[in-house]
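So this first bit is one chain, no partners, the form predicted alone, shown in structure tokens.
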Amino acid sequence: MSAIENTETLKHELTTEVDSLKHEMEETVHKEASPVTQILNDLGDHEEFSYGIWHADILPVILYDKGQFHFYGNRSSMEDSGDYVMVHHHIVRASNHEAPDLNLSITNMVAFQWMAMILLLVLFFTASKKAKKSGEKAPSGIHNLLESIVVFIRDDVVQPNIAGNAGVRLLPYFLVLFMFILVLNLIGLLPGGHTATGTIGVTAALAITAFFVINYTAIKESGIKAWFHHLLGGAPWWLGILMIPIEIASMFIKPFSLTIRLFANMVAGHTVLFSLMGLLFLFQSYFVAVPIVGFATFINLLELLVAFLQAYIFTMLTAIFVGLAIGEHSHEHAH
């Protein structure tokens, strides 16, 4: 038994030593990496809050593994527990370096979404208080700005595409959708900020909510019978074997297109800026730096336009899809 215990002890010491060496190698690679690589690593999604050069290990780690939930106050406390470690910015089991069954941790991008939510709540509560105090007076300041946005979404996005009571009921959804995407886009343009809409998970979640809003509204307005009948696409019943798969595919293609469009457009401008940054470190010349900085400034201003434009396009397309679904299903309901 002593020999077995010695073997197990030696094995544990070797494993600990290997993990320590790997951690030191990762730190060395991170220190020796190019500035562009370090910036890309910092701007990615990870289990610590970072804004520019400021990093704070304050985000909770929540894991579901082997039928149990594991809660840790932050990444450091997780590693101190000895159950899990970080390898190449991913959480893995310390025993076999395999990923846990489900990672529900609060990541950096989630934190930036919370920041956007808090900012929107503060803005709208402030505008609401000003509106109550001003009474019949003309709105001003933040009250005037938000009221202009509300009127714009109502008159130019919702009402032209969604008629009747459905448009009135869905106005808060489209207003929040537009403002949430816009604020996330603008936060990403701040120095050191992160663009949450530049991650496929965030855009996919927004598109999934749009998918449920589109189909729920169509069912509510026209009835479940008309919704199923629409799967024929207006064709005779004997063409159902061909039309139903096509109609079901189109239902999922719409949110998929919303996901990719917002994600790709937000990533594209940042990719151009990173490429220009890479040229600065490549040439390391003042003669090259002047035109590159000028062009990067132009791209950044263009990104400001894109931030507003993409929020508008996502909201407008969702409203169009809802209007089309109501119209098509209402047509089937009338028949």
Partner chain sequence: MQDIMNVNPGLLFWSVINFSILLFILSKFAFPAMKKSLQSREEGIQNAIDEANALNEKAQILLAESQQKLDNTQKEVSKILTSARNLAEQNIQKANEEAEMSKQQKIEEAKREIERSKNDAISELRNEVADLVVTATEKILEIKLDKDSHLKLAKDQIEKLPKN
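Here the structure is a predicted model, which is why all the values come from computation and not from measurement. Positions refer to the first chain, counted from 1.
The next section is about a form of this same protein that is not shown, the form predicted together with its partner chain.
- With the partner removed from view, the residue among Val85, Leu186, Ala127, Met243 that has a non-hydrogen atom within 4.5 Å of its partner chain in the model of the complex turns out to be Ala127.
- Checking Leu120, Met251, Leu232, Val92 for any heavy atom within 4.5 Å of its partner chain in the model of the complex turns up a single hit: Leu120.
- With its partner chain left out of view, the stretch that reaches within 4.5 Å of it through heavy atoms in the model of the complex is, among 224-232, 186-194, 150-158, 77-85, 150-158.
- The closest heavy atom approach of Tyr216 to its partner chain in the model of the complex falls outside 4.5 Å.
- For Ser257, no non-hydrogen atom is located within 4.5 Å of its partner chain in the model of the complex, even though that partner is not displayed.
- Among heavy atoms of Gly73, none comes within 4.5 Å of its partner chain in the model of the complex.
- Heavy atoms of Phe180 reach within 4.5 Å of its partner chain in the model of the complex, making it an interface residue.
- Within 4.5 angstroms of its partner chain in the model of the complex, the stretch 200-217 places a non-hydrogen atom from each of Ile200, Gly201, Val202, Ala204, Ala205, Leu206, Ile208, Thr209, taken in sequence order.
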